[in-house]
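Taking the form predicted on its own, here's one chain by itself in structure tokens.
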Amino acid sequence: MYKAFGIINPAGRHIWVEGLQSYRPIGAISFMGRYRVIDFPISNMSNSGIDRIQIYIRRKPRSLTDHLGTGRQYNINSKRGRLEVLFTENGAEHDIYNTDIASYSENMECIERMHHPYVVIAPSYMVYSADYSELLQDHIDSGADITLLYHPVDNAKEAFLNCNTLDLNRQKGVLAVERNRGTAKSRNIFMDTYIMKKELFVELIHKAKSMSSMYTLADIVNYECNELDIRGAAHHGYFGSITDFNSYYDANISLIDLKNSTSLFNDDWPIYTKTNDSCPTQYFDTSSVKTSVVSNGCLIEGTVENSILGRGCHIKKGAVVKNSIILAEAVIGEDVHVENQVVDKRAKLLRVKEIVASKEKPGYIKRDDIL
């Protein structure tokens, strides 16, 4: 799409997926066994014709840069398009300065040299499908200064508590961008997705930096609600916001349900990811697998129910895995019972025979750990 370039927003200070994020940025966290969280915003941009994409990273970049590679897996033409990874280091020791505005300001030269008149900004920590080319055309036709994507929900009291909401008037004009305090059931959850002219984007970065070192892009957009024509665009379909450990667990488990997964995954709108040429999963005579998502390369001798297995997992004879997310190359030993857990990469559960948590507070097993 010659009209717009894309930006994948870094995760904010209020976002932390306990355990998993200690080893990698949130965009590199495994999702549904096969994907990484960042595959969804990049695929949305690629499918929408956006082939110049900037990805901002603050910390632990190795896992993400290894997954992204040259960007070829995202169907981005290497002659025209480019996937550019940009790093931010200033203020890393003092968290209050780790804002998206700081990231953009530090890489302003890379933003200003883009020749596209518009920019589409999407978060690295939300899972959804959207056609940005249609949203951009609607934005241009409306004459608005900024278009913000939102998802209406009726469970805002107990979910999406680390997200912002949009206060809209009857014409879908944005009156305010506010934090979800869990005080109301029905809210319009802001999907941290912006469409605007590049010139306005650069202007907002400079203005936010001059007003407060703690300001985020959402803060300055909220400040400008009375001055600019800012409008909301409703999103329909599956929407997952991964802002903490429980929301990560819930988003994965919810997509085991076929109805939810078909509202996210569509043959006409592929989600691209780094491929892995491994063997098909082998199911032994002693295995029993029900209502689960199983990646390739696994060896299953035990029981798996309502769970997600990453690539190359080994579920040994007599083992029981229920309501759990098992990341790549993990081993669940003989007669081990695992329930309501997230087991990180290459962990081995061998000697402790029962590891069970509640659904309300799922447990976590560290990467490369041995139990």
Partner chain sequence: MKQNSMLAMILAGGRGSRLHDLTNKMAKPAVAYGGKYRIIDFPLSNCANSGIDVVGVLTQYESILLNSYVAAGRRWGLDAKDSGVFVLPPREKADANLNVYRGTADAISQNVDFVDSYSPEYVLILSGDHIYKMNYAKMLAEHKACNADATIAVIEVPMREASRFGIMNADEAGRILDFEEKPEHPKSNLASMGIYIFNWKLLRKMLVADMKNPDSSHDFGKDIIPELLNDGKNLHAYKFKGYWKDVGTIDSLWEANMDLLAADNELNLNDSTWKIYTEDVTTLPHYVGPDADIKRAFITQGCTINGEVKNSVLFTGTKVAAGAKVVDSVLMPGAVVEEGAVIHRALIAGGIRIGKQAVVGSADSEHIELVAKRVKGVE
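Numbering follows the first chain given and starts at 1. It should be emphasised that the depicted structure is a prediction, and the values quoted were computed from it without experimental measurement.
The same protein also has a form predicted together with the partner chain, omitted here; what follows describes it.
Trainee: Thinking of F190, S241 and G363 as the candidate spot, does the partner chain come within 4.5 Å of a heavy atom on all of them in the predicted bound form?
Mentor: Negative, none of the three is within 4.5 Å.
Trainee: To verify the annotation, which of these, S247, S292, S129, T147, has a non-hydrogen atom within 4.5 Å of the partner chain in the predicted bound form?
Mentor: Selected residue: S292.
Trainee: Give me the residue from M214, L200, I256, L175 that has a heavy atom within 4.5 Å of the partner chain in the predicted bound form.
Mentor: Looking at M214, L200, I256, L175 one by one, just I256 meets the 4.5 Å heavy-atom criterion.
Trainee: Partner absent here, but in the predicted bound form, which of 163-171, 135-143, 121-129, 275-283 has residues with a heavy atom within 4.5 Å of the partner chain?
Mentor: Comparing against the partner chain in the predicted bound form, the contact stretch is 275-283.
Trainee: I'd like to know whether N180 contacts the partner chain in the predicted bound form, with contact meaning heavy atoms within 4.5 angstroms.
Mentor: Contact check for N180: no, nothing within 4.5 Å of the partner chain in the predicted bound form.
Trainee: Considering non-hydrogen atoms and a 4.5 Å limit, does the partner chain approach M196 in the predicted bound form?
Mentor: Residue-level check for M196: no, no contact with the partner chain.
Trainee: Residue-level contact is defined here as any heavy atom of the residue lying within 4.5 Å of the partner chain in the predicted bound form; does G237 satisfy this criterion?
Mentor: No - in the predicted bound form, heavy atoms of G237 and the partner chain never come within 4.5 Å of each other.
Trainee: Give a yes or no for G297: in the predicted bound form, does one of its heavy atoms lie within 4.5 Å of a heavy atom belonging to the partner chain?
Mentor: Although the partner chain is absent here, G297 would touch it in the predicted bound form, with heavy atoms inside 4.5 Å.
Trainee: Since the partner is left out here, which residues of 300-327 would have a heavy atom within 4.5 Å of the partner chain in the predicted bound form?
Mentor: Residues within 4.5 Å: none.
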